[in-house]
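Starting off, we have a lone chain in the form predicted alone, written out as structure tokens.
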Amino acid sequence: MKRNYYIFSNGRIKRKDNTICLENEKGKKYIPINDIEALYIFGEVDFNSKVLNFFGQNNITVHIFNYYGFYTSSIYPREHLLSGYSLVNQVKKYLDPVERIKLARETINTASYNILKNLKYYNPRRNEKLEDIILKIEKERKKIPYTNGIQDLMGTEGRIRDLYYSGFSIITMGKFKMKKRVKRPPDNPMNTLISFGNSLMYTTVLSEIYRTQLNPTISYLHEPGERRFSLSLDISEVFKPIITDRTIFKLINEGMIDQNHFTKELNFCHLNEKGRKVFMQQYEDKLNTVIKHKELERQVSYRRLIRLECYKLIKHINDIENYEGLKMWW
């Protein structure tokens, strides 16, 4: 089975027969091309066009992160699962305001359900201190079917997120405190973990979209724009509570990550290399976790659940079956 590779070292990546070779002062490391699902580059790495062509021929997406570990871009190969029929229908759903808001509402309805699932799991384990947050989020959720347009819906989503994040300090027992969500740049370890995890989620979803007939630039909740894959942002909303947030809670609550894994500068905080490696390991473990799918009645990984979510969207835009987001049943 193919897998993701995370490159933290500096060096040069070259093609060597049917492998890629990472070469630096420590030596050479060879990776069979058929073993690669996607590449995540955190180090300073040089490529040449020969190896980029090789990635493209083998449908490998390469995600680039900057010095501070923040996502900057992806090298997205030429689409190989083209479907003009699905593309036209995907655009039609976006252009129809009724159809668009229907999909956007279901996305937030699903994301907020999964958020509540996390809060309700921890509430009895934290002496019911999350009860007030849960009640307020449930109140906000009731507004979702009545939101008047995308902006109104995004406002509801923002209030739910703010409430959810206000519970993170309780869930992590005060080990990593956060007064409010700060993104650009994150100002403390908790905000850094959320930003880093959300970046990984975005790239993971993008890699899965690439394996389907969906176009990643046409979305329904987030406004499509230039230089971003907005459908990846939409689908990520569903999976952030399931994968990213649960990874963060485990890292902190089980003491796998602490203040020594961060570098702090003036109003700025980022994970150091050791911290990124710890995070990546747990994140990858979470993606590979398997559960029994209640409809398929077989074991599927969390990563596979993302692909299945893409397939559900394809069925919806082609008017085969209405989209219903993945709500945690376990």
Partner chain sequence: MYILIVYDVGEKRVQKVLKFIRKHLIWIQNSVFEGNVTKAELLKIKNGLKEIVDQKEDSIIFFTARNERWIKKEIMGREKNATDNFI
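Note that the structure is a prediction, hence the values are computed from the model and not measured. Residue numbers count along the first chain shown, from 1.
One more form of this protein should be noted, the form predicted in complex with its partner chain, which is absent from this view; the next part is about it.
Contact annotation: of the candidates Lys286, Lys274, Lys29, Lys264, the single residue with a non-hydrogen atom within 4.5 angstroms of its partner chain in the predicted bound form is Lys29. The contact with its partner chain in the predicted bound form, taken as any heavy atom within 4.5 Å, belongs to Ile33 out of Ile64, Ile291, Leu52, Ile33.
Looking at Gln281, you'd find a heavy atom of it within 4.5 angstroms of its partner chain in the predicted bound form. When its partner chain is considered in the predicted bound form, Leu326 lies well away from it, no heavy atom lying within 4.5 Å.
In the predicted bound form, none of the heavy atoms of Asp319 sits within 4.5 Å of a heavy atom of its partner chain. Interface residue remark: Leu22 is counted as part of the site for its partner chain in the predicted bound form, having a heavy atom within 4.5 Å. Contact check for Arg3, Ile7 and Asn18: all three have a heavy atom within 4.5 Å of its partner chain in the predicted bound form. In the predicted bound form, its partner chain lies beyond 4.5 angstroms of every heavy atom of every residue of 99-117.
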